[in-house]
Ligand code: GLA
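The chain below stands alone and is given in structure tokens; this is the form predicted alone.
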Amino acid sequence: MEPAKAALIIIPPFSRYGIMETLEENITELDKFKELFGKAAEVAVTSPARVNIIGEHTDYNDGFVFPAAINRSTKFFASKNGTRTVKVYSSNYSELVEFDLEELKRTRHWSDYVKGVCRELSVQGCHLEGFDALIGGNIPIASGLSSSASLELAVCEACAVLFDLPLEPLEQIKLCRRAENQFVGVSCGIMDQFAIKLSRKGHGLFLDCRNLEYELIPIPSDELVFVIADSGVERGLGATEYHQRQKQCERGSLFFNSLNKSIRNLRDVSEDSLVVNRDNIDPVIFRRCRHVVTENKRVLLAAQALKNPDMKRFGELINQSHESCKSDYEVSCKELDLLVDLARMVPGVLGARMTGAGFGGCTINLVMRNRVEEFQQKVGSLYSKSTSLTAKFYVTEAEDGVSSRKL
């Protein structure tokens, strides 16, 4: 049996100056910017967080994913300063960093995400000048909601507006991914940047990570809502087994390529081929491959379930995804598993799974609107008693991607 193919619709990108909060809602950051730099900001960018609804660790295997932008965001305010120096203040860290555009060196610091984007813009031939910037927002750090990619897209968009750079959305997406891969040193796939840039309100984004075709699929929200539960366990991709999983997938791909040269990576492996060759593969590598192959199938089925719409089936696929992440890919942790188990005990929860790279971070839960308060109370209370940690809950809606405004 051959791997399923996806029928895709290409949705044209929207205008740079999309929907954004009023300036009054940003007044604190604007005042802080003027206090720090002695002048007003020239541009304001809102860059959302993203949650991956289903399709975990498939992106760097050229597979299928189904993320959405959510109503948590990075706020980025900037002005030219007439020099070759960039000054950036982070509200999260209460820290001001300064660096020269002529000497962009990695320092394993949060500012590397800013430097990396500046470097990639310069490499691409874009003319940059120095600028002052303030980073604000409300995305929890190291929670699996992609605060890093959100910041990268915010920096790129701000530079595009400030310096009149003719960058298409896909160029920005690829540029920001290169910044994270090559400068920061995290070998992430392209899903995060893609979802943050091109998501639309009320829709999930079905993405083929090989050819970058995508489809925006409406998410029924009259009776159901996604609730994100933050475990309080931070995860740093560089300090986890994230890269090891990538290497294990590469080993699996090489094995199947030795049998069939048309197989480029695990995206091309069928379930039948996986089963037939089970005894010929290292057991750990087999489980990693099985997760990717079956997760790709679940994403395709989930997209179809939403179109029907069959939300019960959609929830079942979310549940199956967690079990695969937990047992086959082994990227969950006891706190995430506990949150999922507790969620499934609450009436009105159709599905629950870890989301993001794993090893900590968040779960995503498909919950009936009239059960959200009960969900938060029961899961929060039992989780705290069992772990001495406090779970944070974010009731989310699918939102628009990056937007910007000249001030």
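Numbers follow the displayed sequence, beginning with 1. On a predicted model such as this, the values are computed, not experimentally measured, just so you know.
Beyond what is shown, the protein has a form predicted together with the ligand; the following relates to that form.
Shown without its partner, this chain lists V184, L300, L175, M191 as candidates; in the model of the complex, only M191 has a non-hydrogen atom within 4.5 angstroms of the ligand. Of the residues I70, V340, A357, L366, just one reaches the ligand in the model of the complex with a heavy atom at 4.5 Å or closer; this is A357.
Within 4.5 Å of some heavy atom of the ligand in the model of the complex lies at least one heavy atom of Y60. The ligand in the model of the complex is approached by N52, whose closest heavy atom lies within 4.5 angstroms of it.
Not displayed here, the ligand is approached by Y242 to within 4.5 Å at the level of heavy atoms in the model of the complex. The chain is drawn here without the ligand; in the model of the complex, the stretch among 344-352, 28-36, 366-374, 44-52 whose residues come within 4.5 Å of it by any heavy atom is 44-52.
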